[in-house]
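One chain comes next, on its own, written as structure tokens: the form predicted alone.
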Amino acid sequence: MKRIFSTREIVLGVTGSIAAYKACEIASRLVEYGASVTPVLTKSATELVGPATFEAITGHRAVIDMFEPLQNPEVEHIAVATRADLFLIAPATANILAKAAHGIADDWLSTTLLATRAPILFAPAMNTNMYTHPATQANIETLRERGGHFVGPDSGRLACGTTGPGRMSDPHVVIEAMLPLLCQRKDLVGKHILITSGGNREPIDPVRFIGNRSSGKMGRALALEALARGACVTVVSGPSETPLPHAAEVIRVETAAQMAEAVLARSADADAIIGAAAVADYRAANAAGQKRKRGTGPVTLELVENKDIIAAVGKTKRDGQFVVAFAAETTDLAENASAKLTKKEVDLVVANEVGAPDSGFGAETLRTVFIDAQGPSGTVELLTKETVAERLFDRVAQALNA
């Protein structure tokens, strides 16, 4: 996130929807990621949230009136429109969509939308009947045809009490939708990336299971990076605590057998397959159909091996596919991972140390080294999972575009 947002100029247009409060969180997160945010509020928006709030969050004066005296002469619509990297309209009411579609320029925001050539992302928010009205739908289609981008709206209970489409997407979803519009690397456009993520739950009985500590953070970082670089992304995910990107196709599974079935059914159509999931190596040979009761004496579990999913993919990969395995190790990191490169017949192994507080499951960082047919890429480094994803897709893109 920080790599893509850092130093970028974002114009945040806030219009008169009750969802305007969500724009405060969006602004806060963008500033946290290093972006420079210029807040622009319509007069209707100021009835719902004060400009001082956005000024405190962004450190920039909120622009409201077209003809107000300017403390900074650079804060005017042509200058801002020229230097902006992205316009985000969140929330986007039916009114601003209609103005933008028909070229109406009667306030600061609508005027600047005409002047900019930066990408424009709309996050609609309105009553269901307003959103589904033919006029609004026609305006959205017009804006799409002109290159406008949209995120949401979601369906659910709205502030007016009705239920249906029209609820503005959550801030993290809106921010995720900005990534492909700001990322300068587009080396995965037209590529389909298949990623496994999370862990597995192998049942002992209907109540208990064998599991592991996978958080799914690595899978999320990989999916975000691939989406930002223009790929179509499918994630086959076991249970995890980390939400996956809204724009990815997500296949939810629990057991290793379910994950294997989902991956192998889709692997032939993927350009790259990345096995980042902590797949359960074993399962109970005979899972009980009823809950095992306490007090019946010692319980012995017979475990049998699950299929090695990424090895199965490696053995059947077609020409032009690129297959990556993640290898979680507690000792002899490079040596153990190198053996897996040959055994699994993959193109690249990302060896990562688990069990340390700053590396592995649940951590934001990994002690890692990349290993291919030429050997380790260097020494073991402590990297953020976002950096691991960036470097991995540098390798993937280079191979796919060779």
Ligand code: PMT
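Note that residue numbering follows the sequence shown and begins at 1. All figures in this text were calculated on a predicted structure; none of them were measured in a lab.
Here the subject shifts to the form predicted in complex with the ligand, a form of this protein not shown in this document.
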*Thinking of Asp281, Phe326 and Lys344 as one candidate spot, does the ligand come within 4.5 Å of a heavy atom in every one of them in the model of the complex?*
yes
*the ligand isn't shown here, but in the model of the complex, which of 55-63, 24-32, 346-354, 40-48 has heavy atoms within 4.5 Å of it?*
346-354
*asked:* Can you tell me whether Pro376 touches the ligand? I mean in the model of the complex, with a 4.5 angstroms heavy atom cut-off.
replied: no
*Mark Lys217 yes when one of its heavy atoms lies within 4.5 Å of a heavy atom of the ligand in the model of the complex, and no otherwise.*
yes
_Residue-level question: is Lys307 within 4.5 Å of the ligand in the model of the complex, judged on heavy atoms?_
yes
*Closest heavy atom of Ala276 to the ligand in the model of the complex, within 4.5 Å or not?*
yes
*Between the options Arg252, Lys315, Arg208, Arg213, which residue brings a heavy atom to within 4.5 Å of the ligand in the model of the complex?*
Arg213
*asked:* If you apply a 4.5 angstroms heavy atom cut-off, which residues in 347-368 are near the ligand in the model of the complex?
replied: Asn352, Val354, Gly360, Phe361, Gly362, Leu366
